[in-house]
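We begin with a single chain expressed as C-alpha cells, specifically the form predicted alone.
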C-alpha cells in the first residue's frame, strides 16, 4: 500500500508542475491569417491528438521552402472553437467536428476538397464506414482520474470501474468500508469522444448506467463539473503528460485539480506513469491503445500527388514515422512511439 500511495503522489506532483521540458505549444488551428490551400492535407477530429498534430503541422511545414507553393502542407483543426469552419480554400463550410467519431463522420461525408484525414484516439469499430484506413500514429493509454484530496482511493480494479459506470456501485464505502459514504459521480467525455469509447470498452461497459453524466471535453480537468471530491473521469495518460511534464497547457487544456489514478488488473497494481513517461506495463495492458490518423483508402493507395502527399506525411516511410523532429514531438506531448507507425488497418 505504501508503494501504491507513493506512485499516486508522484503522478499528483506532475499535475502541479509548470516546467516546460520541451519546446513551446504549437498554435491551435491554422495560424491567424493562414488559409490552407486546396491541395493541402487538412484534418479534424480527436481532442486527444489535436495538440500533437498542431505541432506536427508547424514542424513539417517548416521543412518546406517558403517559395514552394505546390507541395501540400499539413494543417489540423482543433476539436473545439468557433463553428462552422472553412477548412481550406474552396471548401464548403462544415460544423467543427468534436471528437474521433465526429471527425470520422466528417471524413466520410466530405471529399478531399474539405477534409483529408480524421484524428482518432480509438481503433476501427464495426459501425465505421467501409473503405477507411486507420493509419497507426503512436501509443497512448487511458486511466481514470479524480480530484486531488478528494474521496477517491489511490486505485480501483477494472471490475470496480465497471461497477461504477454500470451504476451498480454508487458510494465509496461500497468499495472500501473505510471510505466515505458519499455518492460517486462518474463522468464521461462527450458522445463522439474516442477516449470515451475506448475507456468503456476497456472496462467492459457497453452502455453506461443512468448515474453517469456526459459532456465535459476529454482531457480538460478545468471543467467546473470535474472540480468535485467524488468525481471519476477517464483521462489520456499521454495528454496528461503533455500538459504537465511537457508544459503544453492553456486556460482550458489543463488537468486542473485532477490527478491520474492506478488500476488493478488480475491482482496487479498498474500505475499509468513511471519516470515521467507512460508506464510500459500499463501501456501493454487492456488500457493501452494506439491512436490513429484516418484516411480514405482510395486516396491512401492512389499514386497521384494527393496519395503521395498522404504517404509522405503519414506513411511508414513518411515524415511522422521517420523524422527526428516528429519523434521529439511525440515525446514532448507524452506519446510513445509504435513500431506499427504508418501501418494501415482497412475497414
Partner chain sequence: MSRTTARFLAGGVAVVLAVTGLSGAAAADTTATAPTGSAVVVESNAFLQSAATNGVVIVPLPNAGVSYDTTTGLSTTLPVTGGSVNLRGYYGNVTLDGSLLFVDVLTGRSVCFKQLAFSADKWRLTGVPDGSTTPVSLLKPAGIERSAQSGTTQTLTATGFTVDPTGAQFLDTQLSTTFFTGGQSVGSFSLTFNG
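Numbering follows the first chain given and starts at 1. This one's a predicted model, so the numbers in the text were calculated from it and none came from an experiment.
Although not depicted, the form predicted together with the partner chain is the subject of the following passage.
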Just to confirm, residue 309 within 4.5 Å of the partner chain in the model of the complex by heavy atoms? no
Is residue 58 close enough to the partner chain in the model of the complex to count, meaning some heavy atom within 4.5 Å? no
Taking the shortest heavy atom distance, is residue 209 within 4.5 Å of the partner chain in the model of the complex? no
With a cut-off of 4.5 Å between heavy atoms, is residue 300 one of the residues that contacts the partner chain in the model of the complex? yes
Only hit among 261, 139, 196, 248 for heavy atom within 4.5 Å of the partner chain in the model of the complex is 139
81, 90, 124, 229 - the one with a heavy atom within 4.5 Å of the partner chain in the model of the complex: 124
Can you check 130 to 138, 164 to 172, 184 to 192, 151 to 159 and let me know which stretch has heavy atoms within 4.5 Å of the partner chain in the model of the complex? 130 to 138
Taking the partner chain in the model of the complex, which residues along 269 to 295 bring a heavy atom to within 4.5 Å of it? 290, 292
